[in-house]
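This document starts with one chain, in the form predicted alone, laid out as structure tokens.
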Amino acid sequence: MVLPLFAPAVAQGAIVPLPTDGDVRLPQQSIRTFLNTSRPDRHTVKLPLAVLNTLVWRGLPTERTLAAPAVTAWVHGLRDADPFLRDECGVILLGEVASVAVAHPLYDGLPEVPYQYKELLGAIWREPLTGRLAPEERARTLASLLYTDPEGRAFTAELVARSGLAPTAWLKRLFAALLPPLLHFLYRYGTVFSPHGENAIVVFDDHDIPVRLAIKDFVDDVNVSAQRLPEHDSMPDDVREILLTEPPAFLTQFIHSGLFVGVFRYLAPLCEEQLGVPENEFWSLVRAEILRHQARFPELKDRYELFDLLVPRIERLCLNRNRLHLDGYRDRPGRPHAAVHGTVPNPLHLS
């Protein structure tokens, strides 16, 4: 893709291939982010790929790529100034601390050019998890909890057995590790991550009990409330210009879709089958953790109504609908948004 699109720059020697440093790198679950296995303390590197996956081509938009360090600095600042996030949750934010993007000299100035051709040359360097864990801690992506081995044994069931806890007690610890930092960023700061199975990383102690959360992918997946909050006053102008915004009622969709629908929807029946925890009890434990957090910060009562996670029904995002009915595989000048079609019952709502 680089040679035909940037042929003049390559011919002139303005773009040159770099020699290898000899390190071995392993693609992570996202495929295009690479972990340095030779030197795990080095930054991971996120690269663009000319691959259409789920909704969009997996490139690196120039403006957002260049803003990644500024977004990281703002998100880190919120965490570092908040004792609950910093000290009690111990949430790990894997920041994007350096970035580079090469704009195409012609395509970037033509509004009708398909967006994927403007996102094909760049890189983002992200902080590694190595060095941010205590000696006894281990970290696993949230998606790993859905894994079942060839014999039908669920990884989650194995972790529960190792922990020595009752299944419901282990699940309470899981929800207590995952939800408080996500809820606090939402309620206090009107800010959401996309905590799907690959972005959210569960940190376990030496007994395989969940203890805290690590989260990544800020510039692509951090969204803020379109309704300005006082807490947004600390946001630098360059961050404000680049971060995606959504109405408060839709901001909750990132937690609903990324975590509850994308992961818990499948984890709940797995826990019923292999741990003996009925699905309705699973969701009751999730709801209880949300209510516990809300009781902890009664001064944010208006935010619980503004960002209501317990509504009777939630909107259904349909990525297949984009492919089959709306966008197909045609080129388009802008990145598409997930189609909203109908609603589904919210298992966290109690009538």
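Just count from 1 along the sequence shown to find any residue number. What you are looking at is a predicted structure, and each value in this text was computed from that prediction instead of being measured.
Below, we turn to the form predicted in complex with a small molecule, even though it does not appear here.
Residues Q29, N53 and K216 all lining the small molecule in the predicted bound form, heavy atom within 4.5 Å: Yes, all three are in contact.
Single option in D82, E198, D208, E127 placed near the small molecule in the predicted bound form, where near means a heavy atom within 4.5 Å: Result of the distance check: E198.
Contact assignment for the small molecule in the predicted bound form, among T62, N36, T33, Q294, heavy atom within 4.5 Å: Looking at the other structure, the residue within range turns out to be T33.
Which of 54 to 62, 320 to 328, 284 to 292, 297 to 305 sits within 4.5 Å of the small molecule in the predicted bound form, heavy atom basis: Answer to the contact question: 54 to 62.
Close approach of E279 to the small molecule in the predicted bound form, 4.5 Å, heavy atom: E279 lies outside the contact set for the small molecule.
The small molecule contact at D220 in the predicted bound form, heavy atom, 4.5 Å: Although the small molecule is absent here, D220 would touch it in the predicted bound form, with heavy atoms inside 4.5 Å.
Partner proximity in the predicted bound form: A143 to the small molecule, non-hydrogen atom cutoff 4.5 Å: Yes.
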